[in-house]
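First, one chain by itself in structure tokens, the form predicted alone.
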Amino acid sequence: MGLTSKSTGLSLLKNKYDTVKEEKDMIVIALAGNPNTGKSTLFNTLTGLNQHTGNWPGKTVSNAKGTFKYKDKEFLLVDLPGTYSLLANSVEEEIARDFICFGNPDITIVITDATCLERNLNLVLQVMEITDRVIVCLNLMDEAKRKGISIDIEKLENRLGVPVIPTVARDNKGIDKLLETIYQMINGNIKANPYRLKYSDEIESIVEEIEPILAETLGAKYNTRWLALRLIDGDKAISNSIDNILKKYSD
């Protein structure tokens, strides 16, 4: 019997984080961000009363999903737990990381606090390592202005390689531009080219060796570079799944 991703822990993860869509063609958007960035406000602004709450499978962490329509598209917005990173040091970080990787959202919005952008960019860079389809929402622009903080949006966008949308979610400012950016990205009119961290030659060399094996085993559906980096990093949950694959692969 040949090895397929269905026989591995990765398939179980995918099933765990699969989203239930009301319509087959519904577009799934993950909403990630640090705590206290206005993430819940943005979620409520976009989805209104069309929300469902519960818990993530097997966890006590709350799970909020909501729907909205823009032009001819239907969207399902998944509000991920507020986290500072995706290094899976907590249940919240594990959920956010696994949903972005294995739930395969069509777009991931990372909402950031414009008053402390440097700290928030840590999560942005980590998300961009997993997926190309990222939009950065630069929220709380009014508070940044009050504090005398000026941000060169165009330069930031060019450096990150993804759309950056300034907003004040509680006042509904910038939401129209955010919606249009989502729509244009889904239609292929905006193509992101996320900045990716370059690691040492030694690590990059190991990644080059591992990636083709993962790609041949898993196919093109998963980000094999990110999985290879997690394997090198000693991520226990991910490495257990990959270990199982490689053992079967060598049989």
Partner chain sequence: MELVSKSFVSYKIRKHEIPLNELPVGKKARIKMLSKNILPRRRLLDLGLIPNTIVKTERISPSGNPIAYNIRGAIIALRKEEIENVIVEILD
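Because the structure is a prediction, the values reported are computed rather than measured. Positions refer to the first chain, counted from 1.
Although not depicted, the form predicted in complex with the partner chain is the subject of the following passage.
Residue 203 belongs to the set of residues with a heavy atom inside 4.5 Å of the partner chain in the predicted complex.
Using a 4.5 angstroms threshold between heavy atoms, residue 102 stays clear of the partner chain in the predicted complex. The closest heavy atom approach of residue 116 to the partner chain in the predicted complex falls within 4.5 Å. Remark: residue 89 counts among the residues lining the partner chain in the predicted complex, judged by a heavy atom distance of 4.5 Å or less.
This chain is displayed without the partner chain, yet in the predicted complex the stretch 195-203 from 195-203, 63-71, 179-187, 25-33 comes within 4.5 Å of it by heavy atoms. Checked against the partner chain in the predicted complex, the candidates 142, 93, 106, 132 yield a single residue with a heavy atom inside 4.5 Å, and that residue is 93.
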